[in-house]
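Quick setup: the structure tokens below cover two forms of a single protein chain, split into structure 1 and structure 2.
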Structure 1
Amino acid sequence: MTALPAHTEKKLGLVIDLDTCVGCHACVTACKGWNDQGAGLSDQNPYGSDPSGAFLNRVHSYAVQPVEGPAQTINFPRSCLHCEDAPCVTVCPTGASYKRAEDGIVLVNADDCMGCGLCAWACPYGAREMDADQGVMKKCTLCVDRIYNEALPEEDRAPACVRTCPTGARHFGDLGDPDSAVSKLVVQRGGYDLMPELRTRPTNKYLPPRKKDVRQEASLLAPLLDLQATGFAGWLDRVLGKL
């Protein structure tokens, strides 16, 4: 079971737009909320002095300093990339970790997991977190209980993080289909893999921030710097200057 499928019919995944993400953490909260049903994602001491808990999605913030010009802040959501060569799957000794042949989603069967933590070690991206109460590994399911759920209205059949994103920075679709909206977006915007040197072949792609406007040579304030006060203000300026 923990052998990777040679081929998956679909490659369902996310495309995350670093240009539009504003770092509001709504995806983090929506993810936690949706996945807190059933067995749930436990928290430890959530209202105490040292709160901690299992999350399947985190939003980092980075500052990037170009060679010239001012630094830029980038909000960076990080979650499971549903890799084609998922190292977390093959290391699993119990068969709890698996990648689905039909859509490429990487899942954990909690009924088989013994909580050894080896899959979390194998993942370069920190996508897996141990549930401290249940002692089993948790990870992004790509909301497999939403995307095929016919009890939900059609517009809700998307991962909770995608559905909730207020800026449309998260896109969900089949990255194995070159004609899908997400695949076209990746081509248009130059979507890329994280840590390609570790050869995990992630399904999820990240879209780089768009180029900023060209910086003006002269200061925007230049016309104001030489301001000459006239009338009452000019009189006040002269009087105050003499005091």
Structure 2
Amino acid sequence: MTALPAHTEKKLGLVIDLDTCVGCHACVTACKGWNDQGAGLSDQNPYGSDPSGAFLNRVHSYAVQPVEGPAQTINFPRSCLHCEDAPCVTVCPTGASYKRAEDGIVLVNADDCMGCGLCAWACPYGAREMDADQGVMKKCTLCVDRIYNEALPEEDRAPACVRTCPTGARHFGDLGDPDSAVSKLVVQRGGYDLMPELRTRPTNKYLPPRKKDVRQEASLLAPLLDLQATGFAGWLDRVLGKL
């Protein structure tokens, strides 16, 4: 089993704005394109009726019916949340999954991964994907090969998904620094953890949709925030049942 670092002062992560995400999947395409270099992310049947392949970032869209007013579409991007208490790390029998002490990023060493799938089982967010061709687990790396690459222009030293988002719904920075732009954004907009009752302490935060009617906003956020009893799977079932 792999031990987690006792504390990471720097906590690099994403803040995702559910109010401005339009579900265009530009982030998914950019992520796939950037991470298809080198060993890449394999596809088994990308153009068939039942496409399959490895993705590190996905966007789900749900129709939510508020108590008052018309139905609303919420686009919900999902990738690794780089949890402080990452269960995927502690269950890994080979030490392939680890959390970096210098910036809090959770990574997988493919050379040590034996593809047992324990990390995918332990992750409550469904953020791990098995690469069927390579037989190893893949996950979001926060584009660690971009953010520290001094050969790139400074404006490009951000995750590919952030750099590509046309609506500015994705923000990247140090959530361990209360004075950083992302930390201030979380405070200003009431950003929250996904499924905080699991005590994984995800670094990534979500910003809620903004509505003019406070009562309508509360009804929209209820299925997103009331996860304690049902968990992520129960929330999905509840939302999908309204489609």
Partner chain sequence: MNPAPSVIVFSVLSGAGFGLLAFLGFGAVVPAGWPAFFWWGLGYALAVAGLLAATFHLGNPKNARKAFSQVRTSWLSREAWAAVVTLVTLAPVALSDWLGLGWWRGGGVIGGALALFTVLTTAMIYTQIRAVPRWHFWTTPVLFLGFAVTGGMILAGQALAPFASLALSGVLALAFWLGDGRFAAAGATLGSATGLATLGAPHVFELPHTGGNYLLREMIYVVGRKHAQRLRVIAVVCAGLAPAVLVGLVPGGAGFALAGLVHLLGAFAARWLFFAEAEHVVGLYYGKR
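Only the largest set of C-alpha atoms that superpose within 1.5 Å between the two forms is called the rigid core. Because the structure is predicted, anything quoted here is derived from the model rather than measured. All residue numbers here follow the sequence of structure 1, with the first residue given the number 1.
Shown first, as structure 1, is the form predicted together with the partner chain. Annotation for residue 178: C-alpha shift under 2 angstroms between structure 1 and structure 2, rigid core superposed. In a rigid-core overlay of the protein, residue 190 has its C-alpha displaced by under 2 Å between structure 1 and structure 2. Superposition on the rigid core between structure 1 and structure 2 places the CA atom of residue 61 less than 2 Å from its counterpart. In this core superposition, residue 49 moves its Cα by 3.8 Å between structure 1 and structure 2.
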